[in-house]
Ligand SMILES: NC(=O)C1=CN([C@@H]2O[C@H](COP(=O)(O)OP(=O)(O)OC[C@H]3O[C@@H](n4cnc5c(N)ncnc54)[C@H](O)[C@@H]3O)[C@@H](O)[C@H]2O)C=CC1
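Only one chain is given next, in structure tokens, and it is the form predicted alone.
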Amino acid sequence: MSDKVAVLVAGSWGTALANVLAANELDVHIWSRSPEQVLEINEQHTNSRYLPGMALSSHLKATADMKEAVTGAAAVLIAAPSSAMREVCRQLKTCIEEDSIVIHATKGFETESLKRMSTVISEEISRNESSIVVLSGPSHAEEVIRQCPTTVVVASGDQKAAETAQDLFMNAYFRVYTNRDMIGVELAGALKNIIALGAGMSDGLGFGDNAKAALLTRGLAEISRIGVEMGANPLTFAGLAGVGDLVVTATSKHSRNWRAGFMLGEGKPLDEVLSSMGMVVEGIRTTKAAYAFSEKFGVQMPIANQLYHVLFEQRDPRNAVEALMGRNPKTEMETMPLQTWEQWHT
């Protein structure tokens, strides 16, 4: 197998993962639309827009030519924002080789169609969806680039493809587990961004640790509920892609979703928050998708629904909290759909 790996695109996460691969002495080619960014990565070994102050491996090669990046690559890693995934894959279809393994590390949905990223990739490059590998888990790019100990999961319906991805990324500071539950890993990675927005908003409102702990716990219940309804294994939400990623995204200063929520909690309007971030905040788009999922599947997602009203209907965050706290009394352990519960316990 060739030791060449292509990475699309050169944002913070794509660059950090490319650096992991380069540390493993692979021939890594990262693609960017920006000639200026390509020049900076190749000559200065930095990506100052997305990872300021951090040095990249001198073995990492950047190019603005996607065909050059993917030709001869044993694996192609896609880390494009969810909003750009279909467009990037349309370009990739014209140059990807048939035997290249496709891995994606994007945590979101296509808002218009509500499709997971593996579905979008499959449609555009004509690959069996189950052969695609999903990389997810608790992992800030800002820490991965500093080689802080990090543990993630790769999921695929093709165990051999998952194990190949595991071997590509695994090293002394980047530990990788495999998982067969692609649906659960993708849903967990995307939906936790909503709860991270809510956690930031709670902090911005000054509500303290009690409120945030409740938000994370009940948020995980929501994520698990809709995930199981959509075909995921409930145990996935107790793992790295679920509670692990939720904790790191909802409690860290590195989290764009937490920072965006914090500013909203302080009273800043959404347009101002987004313009100040300078990078994609996936939780905004994902909240819209989750609201649609709740309606489509008839699954209660009160936190996601209240965040939808705050983000897109100008509801005051404090009023949203009052609405959550004032709901009718419930039991803590909501009942799963019986057939889904039996599916995982027989």
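The structure presented is a predicted model; accordingly, all values stated were derived computationally and were not measured. Start at 1 and count along the sequence shown; that's the residue number.
The form predicted together with this ligand exists for this protein as well; it is not shown, and the discussion that follows is about that form.
Stretch-level contact check against this ligand in the predicted bound form with heavy atoms at 4.5 Å: of 202-210, 79-87, 92-100, 220-228, the positive one is 79-87. Only one of the listed residues (55, 279, 39, 292) places a non-hydrogen atom within 4.5 angstroms of this ligand in the predicted bound form, and that residue is 279. With the partner omitted from this view, the residue of 168, 105, 232, 176 that lies near this ligand in the predicted bound form is 105 [heavy atom within 4.5 Å]. In the predicted bound form, this ligand sits within 4.5 Å of a heavy atom belonging to residue 141. Among heavy atoms of residue 308, none comes within 4.5 Å of this ligand in the predicted bound form. With a 4.5 Å cutoff on heavy atoms, residue 10 counts as touching this ligand in the predicted bound form. Contact annotation for residue 116: none of its heavy atoms lies within 4.5 Å of this ligand in the predicted bound form. Shown here without this ligand, the chain has only 50 in 47-69 lying with a heavy atom within 4.5 Å of that partner in the predicted bound form.
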